[in-house]
Ligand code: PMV
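Okay, here we've got a single chain as structure tokens, the form predicted alone, with questions on binding and movement later.
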Amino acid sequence: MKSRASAPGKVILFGEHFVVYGVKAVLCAINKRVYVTAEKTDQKKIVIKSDIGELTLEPDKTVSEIKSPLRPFYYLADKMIKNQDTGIKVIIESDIPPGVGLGSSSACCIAGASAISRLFKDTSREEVLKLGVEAEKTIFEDTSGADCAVCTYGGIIEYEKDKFQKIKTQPDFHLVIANSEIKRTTESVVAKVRRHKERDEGKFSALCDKESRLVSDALRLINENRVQELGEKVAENQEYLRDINVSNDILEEMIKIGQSTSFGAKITGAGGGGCIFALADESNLGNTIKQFRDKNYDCFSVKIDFKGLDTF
């Protein structure tokens, strides 16, 4: 018996870092996907294969002792075969670049949770989301669940303090994503922002207030599909990310390139490296991509994925 599922990656449009301190964040799913195939096997082992490596283990191992980025899949498989006389083979294929803030791990956890659990029972999206967050916590202990939520439900969501709401409208814009190829860890950048906050609580609180007003304005513009004005909010949000020191010279150069032709550009995710995006539509999409490629940056365009989790 085989089960197959797919989940999209994501981009944080507004609110990264500030969401940790109570400000609402806005995320959207993108049409780059992870595909997971799960299959029951006669041999009682858990076998996981992907482009980033392979893992073969007996069940009932302590997950924290597994030194592999594939351990969320082991966690899910091991959880599902408790009291079952079967093994599981899992194969992962991905269109999403890993480790650059585009939700690769969350998409993996959601697609994996769905494909593996459906070998044993029908699971709702709510159940898959719960399993996916559990799995992601094996690699990111403090994950908020926001990324997993948007990978599950697709479209655009607003997220605040463990609560999320999907936006009903379907705005029409493109995102040009450019990769700085600078490696960093989310944990290190989050810790840097926390230290920045502690140095001047008053200034940071004022920035949170500004970001909160910006997010409210951005949500209104998204609902009204006013893309050009939304780009102004993108550029404004980048100013606040610059103020909390998560940008650098390379990212600023990329943002300058993006803003020269698009409606606005900013860091997405933790910053310090990873990716930026430029907001565009059909009128300036081609020229925005050309500007990045002329400067030899790896880039690609995406649209919003409104489907979310898919099973087949």
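Given the structure is predicted, the values throughout are model-derived calculations rather than measurements. In case it trips you up, residue 1 is the first one in the sequence shown, and so on.
Only in words, not in the display: the form predicted together with the named molecule, which the text now covers.
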- Though only this chain appears here, would R184 touch the named molecule in the predicted bound form if you measure heavy atom gaps against 4.5 Å? yes
- Item | Touches the named molecule in the predicted bound form: T143 (any heavy atom, 4.5 Å) | yes
- Task: Considering only heavy atoms, tell me if A235 and the named molecule come within 4.5 Å of each other in the predicted bound form.
- Result: no
- Task: Please run the contact check for G101 against the named molecule in the predicted bound form: heavy atoms, 4.5 angstroms, yes or no?
- Result: yes
- Spell it out for me: taking the named molecule in the predicted bound form, does every residue among I12, D147 and V190 have a heavy atom no farther than 4.5 Å from it? yes
- Query: Thinking of the named molecule in the predicted bound form, which stretch from 266-274, 253-261, 41-49, 60-68 has heavy atoms inside 4.5 Å of it?
  - Reply: 266-274
- Message: With the named molecule taken in the predicted bound form, which residues across 1-26 come within 4.5 angstroms through any non-hydrogen atom?
- Response: K10, I12, E16, H17, V19, V20
